[in-house]
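To begin, one chain is listed below as structure tokens, in the form predicted alone.
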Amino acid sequence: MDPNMISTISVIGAGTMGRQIALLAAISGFRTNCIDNNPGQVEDARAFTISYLQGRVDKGRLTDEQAQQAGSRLHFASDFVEALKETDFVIEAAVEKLEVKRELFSQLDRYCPKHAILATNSSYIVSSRIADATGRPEKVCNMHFFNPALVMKCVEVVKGVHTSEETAQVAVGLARRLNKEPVLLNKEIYGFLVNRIFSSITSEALYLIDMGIASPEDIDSAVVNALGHPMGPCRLMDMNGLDFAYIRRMERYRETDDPADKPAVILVEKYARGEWGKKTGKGFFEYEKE
């Protein structure tokens, strides 16, 4: 498949990442389906789209006509059987749980056209753990966007042993059509490129908090003002979601049974209290609730 032949993209999941990827695709000129079986999530995504597009118009980044066209290209659905009939490329952005993704990909394989490529936005679960749930493993890969997907330029495309060269190159080409800067990993590795580096930083930050050595504020200040990062690890975890960080680390611990992979104490406490970061109004820092 030629990346330029892709006309319809379907995004599975209307959460923080899914709604942004779907809107990005619509702004980039693709007919886009944003699909979630939670009607409330769909309505939240719809409201986000309206607000975001109007904000772009107010700031002069889009004309009224461009915003209206983008909005008209984006379709929301809670039943994906009908929505998937004409899709060329699927990007799954559901919860980071392997069993959920495997069930989803089995259904995607059943309802998508035979030529459609099935990509997961997972930042840690490699597609080789999902591909055999489909009858098209050669068309399955990781295509990992970064939060906020509407802003961040990098997209990691990961080629598993099952992934065809054509599929990998189509994903790279699509990322460029979305005005992103793709990086291609020729082999799977846990955490890919960016998160392997980021995990080392966040793990150390969480350890320092657990040990009472420094506060989140001072850790972030040190990383920003000494290392030159635009944002400290604690605020970045808040933005990505502490619930996501907890679930990911628990998934890893279940895989390895290594105590070193357990979530940090502070992360467990915040997850249990529902202090999941910006989305809930409080994480390591306080925010106006979304």
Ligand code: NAI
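For every residue, the number given is its place in the sequence shown, counted from 1. Predicted model, so just to flag it, every value in this text is computed and none were measured.
This next part talks about the form predicted in complex with the named molecule, which is not shown.
Across the proposed site, Ser7, Arg31 and Ala83 without exception lack any heavy atom within 4.5 Å of the named molecule in the predicted bound form. Although the partner is absent here, Ser127 is not a contact residue: none of its heavy atoms lies within 4.5 angstroms of the named molecule in the predicted bound form. Among residues of the shown chain, Thr256 is not one whose heavy atoms approach the named molecule to within 4.5 Å in the predicted bound form. By the criterion of a heavy atom within 4.5 Å, Ser221 is excluded from the residues contacting the named molecule in the predicted bound form. Contact annotation for Met237: none of its heavy atoms lies within 4.5 Å of the named molecule in the predicted bound form. Out of the listed residues Asn147, Ser164, Thr202, Thr134, Asn147 is the one that sits within 4.5 Å of the named molecule in the predicted bound form by at least one heavy atom. Site annotation in the predicted bound form: the residue of Val194, Val95, Met152, Ile213 reaching within 4.5 Å of the named molecule with a heavy atom is Val95.
Note that among 166-174, 203-211, 115-123, 181-189, the stretch whose heavy atoms approach the named molecule to within 4.5 Å in the predicted bound form is 115-123. Shown here without the named molecule, the chain has Ile12, Gly13, Ala14, Gly15, Thr16, Met17, Gly18, Ile35, Asp36, Asn37, Asn38 in 1-39 lying with a heavy atom within 4.5 Å of that partner in the predicted bound form.
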